[in-house]
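Next comes just one chain, in structure tokens: the form predicted on its own.
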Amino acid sequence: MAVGLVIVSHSARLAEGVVELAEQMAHGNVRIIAAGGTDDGALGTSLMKVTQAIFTADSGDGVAVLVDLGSAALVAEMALEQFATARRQRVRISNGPLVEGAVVAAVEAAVGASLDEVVTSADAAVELNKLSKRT
């Protein structure tokens, strides 16, 4: 088993794209679930989608939740309030960047990192330098 990931985005297509990329990096060894858009397919977030995604992603080792914008984090926090204490303790919301954080988290989870290690790595992805240093 491995730490699962939930990708929460205001766009279903964005969430699905991030899942596709992260799954490639994890070589299919991590349960990664998209929770994007509203229940009727519009832009926005869905408490029901996020709650169900957390249940689906949890294989017993915990779930790291990555979000695109602040209101997605609020919905993720609301989802956590729905859970009993034992399950809530196995879920962490990352403050890292959505794409880079998801990729790093997926790789960490795939090699057996703990929930805290996965979230710490996702959070630290904000420091990744995408451009070469220029003089």
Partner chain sequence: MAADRVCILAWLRRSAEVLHEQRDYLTTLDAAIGDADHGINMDRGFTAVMDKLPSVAEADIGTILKTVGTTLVSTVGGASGPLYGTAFLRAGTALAGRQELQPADIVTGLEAALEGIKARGHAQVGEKTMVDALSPAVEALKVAVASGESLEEALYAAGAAAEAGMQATIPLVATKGRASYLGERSADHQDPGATSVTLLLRAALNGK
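Residue numbers count along the first chain shown, from 1. What you see is a predicted model, and the numbers here were worked out from it, not measured in a lab.
Quick note: we don't show the form predicted together with its partner chain, though the next part is all about it.
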(request) Evaluate V99 for contact with its partner chain in the predicted bound form, applying a 4.5 angstroms cut-off between non-hydrogen atoms, and reply yes or no. (result) no
(request) Answer yes if any heavy atom of S71 is within 4.5 Å of a heavy atom of its partner chain in the predicted bound form; otherwise answer no. (result) yes
(message) Against its partner chain in the predicted bound form, would T45 count as a contact residue? Criterion: heavy atoms within 4.5 Å.
(response) yes
(message) Contact with its partner chain in the predicted bound form for T38, defined as at least one heavy atom pair within 4.5 Å: yes or no?
(response) yes
(request) Just one of 55 to 63, 99 to 107, 75 to 83, 28 to 36 has residues with a heavy atom within 4.5 Å of its partner chain in the predicted bound form, so point it out. (result) 75 to 83
